[in-house]
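Before any questions on how it binds or moves, here is one chain, the form predicted alone, in C-alpha cells.
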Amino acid sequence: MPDMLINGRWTAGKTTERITVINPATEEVLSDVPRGTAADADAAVAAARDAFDGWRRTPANERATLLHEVARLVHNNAAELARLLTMEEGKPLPENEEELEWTATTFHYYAELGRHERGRVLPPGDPGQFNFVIKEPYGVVACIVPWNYPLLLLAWKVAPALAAGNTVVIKPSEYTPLTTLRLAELAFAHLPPGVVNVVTGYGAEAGEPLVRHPDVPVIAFTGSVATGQRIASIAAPMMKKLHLELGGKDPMVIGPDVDLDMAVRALAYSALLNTGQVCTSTERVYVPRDSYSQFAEELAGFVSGLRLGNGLNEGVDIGPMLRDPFRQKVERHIADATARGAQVLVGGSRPSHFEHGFFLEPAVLVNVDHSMAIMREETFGPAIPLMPYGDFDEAIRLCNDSQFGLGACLLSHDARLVKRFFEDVKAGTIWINDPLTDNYAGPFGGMKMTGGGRELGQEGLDEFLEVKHVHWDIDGGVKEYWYPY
C-alpha cells in the first residue's frame, strides 16, 4: 500500500486511517493511502525546512543536473505512470501520455531556466557605490495540487520552486494520490532527503495545516474559487505569498470568416478534453448569427460520434467524469438551462450501456443566455452551450461578461478581428486558432476571480523568488548629508 514521503522515507505517518482510491471508469478499488493529519503536515514541513539551507546553497548547475534527472526518470517511466493515471483519474490513455511528456519537459525547462540568472546589476547613484538585485528562494513551498492534471500541475509548481532553491511539500488530491506517490518513488529518490515531501489526505485535515504553518511562506494552489478564498483568508494575517489559479469560464468566439468544419473540431477538442474537466475548457461559445443554426447542427453531429469508454481501451475519445457529484453538477447546469428555455441538441444523459463508471454523454445546447448557470458558473464537464452574436463588439462584450478571466479563444484569420480580440478581452491567455496549447516559455494564469499567479515561463520561476536590493557603498566614508545639519 502506498505511503507518504517525508524526509526521504516512506511512512504511514501519525494516522491509522486510510483513504480509498477508486477507478472512475469501473468504480473498482485501486488502493488506499494514509489519511494524513496536521501532525504529518508538521513533520513534512520540518523536513523541508531542515533541508532548505543545504538545497538553496546547492550550486545552480548541480540543481539543474538533478532536475534533468527527474525529467529523464519521468520520461523513462512514462508508460507506467500514464496507465496508472488513466486508472486513477479517467482521461483516455493518449491524453495521459501527453501529460507525462509535458511533465518531463517542464522539469527540463526549469532545470535550464534555474541557472540562467539570479538577479541584475543596477547603475549606481555614485561612482563609489555598487547596486544590485538578488532573487532568493522563500523557503518551504506548499504545493496543493488538483485531480484533473495531477502530474502536470504538480510539475508546474514543483519544478520552478526547486529550480529557485526552495523545498516543497506536495499535497495531492485525495482522488488522485497514487500516481503522485509513484512519481515521487520513481523520479525524486535521488534528491536530498526533505527536498520533496508528499503528504496525502483531505484538504481540511492535511492541506489546511500546511496553509496555517508558520514555516510555510508560500502556498501554490490550483482549484476552486471557494477553496482559494479560504486559503487567502487564512494566509492573509501571516502575509504569506499566494500563488493561486482558481478556474475559469473560458469563452470561444467563432469568427465570421472561419471554416465551420475546422471550428467544429477545434471546439469539440477544447470543450471536451479530459471530459471537459480542464480549467481552460471552453465553456461559453459565441457564434455569428448567420451561421448559428448550421454550426450547431454540425457540432451536434460531430459530438454524437465521439466514443465514450474506459480510457485504457483503444479508440476511446472521452472517459468518465471523476466522481458522481461532479457529474451531478453538470446535470444541474443542463437542467437549469432547459428550464429557462435552452434546448439540448445531443447528449446530457448517462449512457445506459455502462453498468459502472461516472459517464455522461457530451451535450450541445442552444438558445442559452447569460441568465443561466451554464453560462456564468464553472461547469467543469462535457457541456457545450452555444449563443449567437450580431457584431464583433457584442462578441467581445459577451466574452468579458464573466467573473473569470483565465483564457479565451478566437477562431479567425481576420487580422483586424484578432488584434481587437487580444487587446480587448480580459483573460490571461488568448488563443488564436489553436485552443488549449501551452508554451513552456509563455506565462499561464488568469485575471479577475481566476487569481493572479503565473505558471510557466520566466514569470513562473519568479513566483518562487523574492527580490532583495543590495546598496553597497564601497568607499564607506562619512556623508555630508549626515547629522549634524
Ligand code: NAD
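All values derive from a computational prediction rather than experimental measurement. Don't overthink the numbering: it's just position in the shown sequence, from 1.
Keep in mind that the form predicted in complex with ligand NAD is not shown, yet the notes after this line are about it.
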property	result
Listed residue (Cys409, Ala155, Leu299, Cys279) with a non-hydrogen atom within 4.5 angstroms of ligand NAD in the predicted complex	Cys279
Glu377, Asp317, Glu97, Glu208 - the one with a heavy atom within 4.5 Å of ligand NAD in the predicted complex	Glu208
Contact stretch among 218-226, 387-395, 357-365, 67-75 - heavy atom within 4.5 Å of ligand NAD in the predicted complex	218-226
4.5 angstroms heavy atom contact with ligand NAD in the predicted complex for Lys171	yes
4.5 Å heavy atom contact, Asn148 to ligand NAD in the predicted complex	yes
Ligand NAD contact in the predicted complex: Gly248, any heavy atom under 4.5 Å	yes
Ligand NAD contact in the predicted complex: Tyr269, any heavy atom under 4.5 Å	no
Site test, Trp10, Thr15 and Val196 vs ligand NAD in the predicted complex, non-hydrogen atom cutoff 4.5 Å	no
